[in-house]
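As structure tokens, one chain now follows by itself in the form predicted on its own.
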Amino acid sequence: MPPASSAGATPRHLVRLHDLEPSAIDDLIDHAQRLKRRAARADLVGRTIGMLFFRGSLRTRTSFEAAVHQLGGHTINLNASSDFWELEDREGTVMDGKAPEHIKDAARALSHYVNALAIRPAPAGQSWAVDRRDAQIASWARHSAVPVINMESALWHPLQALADMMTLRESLGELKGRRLALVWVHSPEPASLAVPHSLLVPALRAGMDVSVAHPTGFGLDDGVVGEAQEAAARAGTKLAVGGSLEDAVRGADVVYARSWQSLEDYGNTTLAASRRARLSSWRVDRKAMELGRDARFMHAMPVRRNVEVTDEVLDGAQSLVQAQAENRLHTQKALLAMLLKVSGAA
């Protein structure tokens, strides 16, 4: 089947999950649950998905590739470290530097070959003011004639958030009135802020009260928090930001642990490491979980055992980490069906 570009239709992209209406997220999860209960379909026969990785991946690449193949499609995987070259994202620039090609030219060319593009960009890691613009994924979406799927940028990880929302619904049922504690935990190599950023608004819009706990200097992006506060006001839910881990998990139905970078030290690895070294007590253990209300535990992984969370919690009966990982597969199938408008997407 030819790529969508040949049909002249305007592609629908997924850069961040909360660009979708809550009803659309609910429909995606409903479809993912149907796919989870039955054998693989042939919805993507004749479809080719291009996957471009500008940095490493384990669960995202594996689950996405498996989703495409189980639906009968084909993937082309390209890695920036070995398969192609640096690409320019700035508009109107004189390209006399390292990048021999602009994203606009690559996106337009690849749109002739594939039915969708899944991109994992690589933030430069020097300036948060620069990286938070998500210029790379925005450029791909602007110039591609086929759907672009964000596989984790500096700001957003919509694929993880979609699987997280499915896992929350499976575990808790009705989410209205439930409490989610999103807590920073110590790690010698923290992850990006994309996971906590991506879950905030969908959880609040679904009716959950959310408490975000972090040490001084590890606040989330101000713009994202502002959007979350607006979402909470519209949904009639509560968002609390800052405070101790213990205060956040007290009475929570779900404890979601994640290490993330300090925006105050962003780009300064020495200062950032020094700040984190004093915060090793920020981890989730049995004592913290017992402060919750029969609380479930979530983590997007990879996870450093007995640093971010103890084995007892991670391997315990209330841990949902493997359900989250499995649901990546099913939600990505449903997402592909929706973006490509193939049979069975309703």
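These numbers come from a predicted model, not from an experiment. In this text, residue numbers run from 1 along the sequence as written.
There is another form of this protein, the form predicted together with a small molecule, and it is not shown here; the text below is about that form.
When you look in the predicted complex, the only residue of 44, 288, 300, 49 with a non-hydrogen atom within 4.5 Å of the small molecule is 300. Scanning 69, 34, 59, 304 against the small molecule in the predicted complex with a 4.5 Å heavy atom cut-off leaves one residue, 59. Interface membership of residue 160, defined by any non-hydrogen atom within 4.5 Å of the small molecule in the predicted complex, is confirmed. Among residues of the shown chain, residue 333 is not one whose heavy atoms approach the small molecule to within 4.5 Å in the predicted complex. Although the partner is absent here, residue 120 sits close enough that one of its heavy atoms falls within 4.5 Å of the small molecule in the predicted complex. Stretch-level contact check against the small molecule in the predicted complex with heavy atoms at 4.5 Å: of 308-316, 25-33, 278-286, 59-67, the positive one is 59-67.
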